[in-house]
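To begin, one chain is listed below as structure tokens, in the form predicted on its own.
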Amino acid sequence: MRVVLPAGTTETALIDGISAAGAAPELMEHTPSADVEIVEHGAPIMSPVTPVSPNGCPTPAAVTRAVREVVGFDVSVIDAGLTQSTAAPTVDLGGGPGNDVREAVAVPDADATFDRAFDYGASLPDDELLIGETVPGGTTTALGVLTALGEPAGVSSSLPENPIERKRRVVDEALTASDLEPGDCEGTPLAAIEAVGDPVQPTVAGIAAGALETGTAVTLAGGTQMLAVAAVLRHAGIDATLSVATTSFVADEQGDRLADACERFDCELTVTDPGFDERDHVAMDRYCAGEAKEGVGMGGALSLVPDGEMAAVRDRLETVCRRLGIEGDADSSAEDGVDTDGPTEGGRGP
């Protein structure tokens, strides 16, 4: 099993109220670079920030890393528009960062990125691929692509309260800037990404399409952002078997909408509950409170955990959290080093 992890940025994440609460704009562009370092090395190496919320919720990269230390899997990191360097080894497919979706063109090289990613996916020798993502602001761009395709699916959030109306207003402005109406890109998904998407989307879609072409089993590891990718693949006429693996946190927030969307896009759905409610630890407590929910391949990684091994993953997550400076139970986070009132060092887009 290989986990492929495209990482990129979009200026959409800098829109006021779109990014994770408290995340400073000058730090957020480091988040994907730090995420992939955590998955590869267990902690940030070159990145000057550790993506941890003011309440002590670590990036989902910490969970993916914990699973990797228990289960073991290969990782390939794809530079899908990073703006900051990373110590994680990367495959550069030549794409650049994304523009603000409220500009006329959000991803100028969407077609070329998809083609290069397709060739990369087709070249991989693995029988199974699990494809994740890290891109702050990615659920807003996902909503943009779904709307441009005429799909009714909603999107999740890394915040306990999903600012969905704010996202819809941004998407409305984005469509207007691109002279589009909802549904105008039906059957032309790369045009949707070019207009209102982000650079991680054509990278994930291209890798998935190339791998599926060669008979590789593909699982999209994530929540509603990966539903947008599934929609892109279906609108591109790709009808191969496709799976989506996400967390119980996304499923609880989305309710029947998640299963309905997977049925519409003909995707098998796997939902994994990591049992974080069984521990009194600030990180797991914040996930149970609705923070973060998904990202950096978290749901897909959790789906790889064998029966009876989830307790070991929770143990390992506590170890990873200590490396990230998060210690203590949910009631003593402040005295154990988590600043519950101070600024967020890094953040994922909602």
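From a predicted model like this one, the values you see are computed outputs, not experimental measurements. A residue's number is simply how far along the shown sequence it sits, counting from 1.
Note that the form predicted together with another copy of the chain isn't included here; everything after this is about it.
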Quick one: which of 196-204, 119-127, 241-249, 221-229 gets within 4.5 Å of another copy of the chain in the predicted bound form, going by heavy atoms?
-> 119-127
Answer key, another copy of the chain contact in the predicted bound form at 4.5 Å (heavy atoms) among 275, 255, 152, 89: the residue is 89
Quick one: of 270, 84, 76, 99, which gets a non-hydrogen atom within 4.5 angstroms of another copy of the chain in the predicted bound form?
-> 76
Should residue 40 be classed as touching another copy of the chain in the predicted bound form when contacts are defined as heavy atoms within 4.5 Å?
-> yes
Does another copy of the chain get within 4.5 angstroms of any non-hydrogen atom of residue 46 in the predicted bound form?
-> yes
Going by a heavy atom distance of 4.5 Å, is residue 68 a contact of another copy of the chain in the predicted bound form?
-> yes
Taking the shortest heavy atom distance, is residue 176 within 4.5 Å of another copy of the chain in the predicted bound form?
-> no
Of 294-323, which residues get within 4.5 Å of another copy of the chain in the predicted bound form if you count heavy atoms?
-> none
